[in-house]
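Below, in structure tokens: the form predicted alone, a single chain.
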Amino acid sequence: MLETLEILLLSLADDDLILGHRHAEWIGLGPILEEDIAFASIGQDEIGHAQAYYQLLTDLGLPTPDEYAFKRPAERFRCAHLVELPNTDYDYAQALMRHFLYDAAEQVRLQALRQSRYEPLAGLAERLLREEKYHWLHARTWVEKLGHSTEEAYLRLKSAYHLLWPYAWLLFEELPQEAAMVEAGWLPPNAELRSRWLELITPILAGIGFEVGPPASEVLLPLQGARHGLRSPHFEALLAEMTEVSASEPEAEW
């Protein structure tokens, strides 16, 4: 079951690691100083959460957090494609909407993981929720504020929503060996978690006039496979940038 547990924890850790990196790209580029600081701080939290997930595996005799983060081939990552998407033209509406959709999913996943029968994971989820509630508050507040703001703000947010919605849906793509995880009591099925996520975000999005529903199958089909190691076209450059310093001195002790 160690391999199954590794798949679960890597899916959680890799999402946080890569999104943390993407959030950090906003340092010095936020639309206002408050948001520059907010995205940097949230990104730092996410990377710290990733390290905590990796550490659960290290405690079981598997690689260290640094080895997981910086020394794995691309196909060994389990992150969703949503977190891999680049900050194209540094469109704040896209960054904010990704933040909103992802952190709503984080709320749902962590609340479920508090009940996990794998006690180290349940304890970690309880701790991470205390930080994640502020991420969720930040995302929800700004989406509601801009959704009721100027016409330009509304339209840009809506465009970001339509772009990101299929990717966000696949945050809950079925994991490899998921049936064994569910049977072990480690987490509920991802289909059930998606339903809880929809219950959380639908009233908020409907409140600003966005329609919520499943993406068309022909849109989803080419985006699937992230949890099974299929990386997006953006991942290779992202990984090269993220590992540039560690790769420069692979035997160094930092």
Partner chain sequence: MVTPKEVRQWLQAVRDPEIPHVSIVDMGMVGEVTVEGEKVRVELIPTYAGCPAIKLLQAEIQAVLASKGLEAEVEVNYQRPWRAEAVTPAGWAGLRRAGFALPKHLSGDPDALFADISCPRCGSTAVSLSTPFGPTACRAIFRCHNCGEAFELFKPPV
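Positions refer to the first chain, counted from 1. Because the structure is a prediction, the values reported are computed rather than measured.
One more form of this protein should be noted, the form predicted together with its partner chain, which is absent from this view; the next part is about it.
Student: Indicate whether its partner chain has at least one heavy atom within 4.5 Å of a heavy atom of Arg72 in the predicted complex.
Tutor: Outside the cut-off, so no.
Student: Contact with its partner chain in the predicted complex for Glu199, defined as at least one heavy atom pair within 4.5 Å: yes or no?
Tutor: Glu199 lies outside the contact set for its partner chain.
Student: Residue-level question: is Glu152 within 4.5 Å of its partner chain in the predicted complex, judged on heavy atoms?
Tutor: So Glu152 does not count as contacting its partner chain.
Student: With heavy atoms only and a cut-off of 4.5 Å, decide whether Gln51 touches its partner chain in the predicted complex.
Tutor: So Gln51 counts as contacting its partner chain.
Student: Considering its partner chain in the predicted complex, which of His135, His81, Arg78, Arg98 comes within 4.5 Å of it through any heavy atom?
Tutor: Result of the distance check: His135.
Student: Have a look at Leu220, Ile204, Ala38, Leu193 for me and say which one sits with a heavy atom within 4.5 Å of its partner chain in the predicted complex.
Tutor: Looking at Leu220, Ile204, Ala38, Leu193 one by one, just Ala38 meets the 4.5 Å heavy-atom criterion.
Student: Are all three of Ile18, His21 and Arg231 close to its partner chain in the predicted complex, meaning a heavy atom of each within 4.5 Å?
Tutor: No, because Ile18, His21 and Arg231 lack any heavy atom that approaches its partner chain to within 4.5 Å in the predicted complex.
Student: Can you tell me which of 175 to 183, 158 to 166, 83 to 91, 127 to 135 lies within 4.5 Å of its partner chain in the predicted complex, counting heavy atoms only?
Tutor: One stretch meets the cut-off, namely 127 to 135.
Student: Need the contact residues for 84 to 120: heavy atom within 4.5 Å of its partner chain in the predicted complex, sequence order, or none if there are none.
Tutor: The stretch 84 to 120, when checked against its partner chain in the predicted complex, contributes only Pro120 at the 4.5 Å heavy-atom cut-off.
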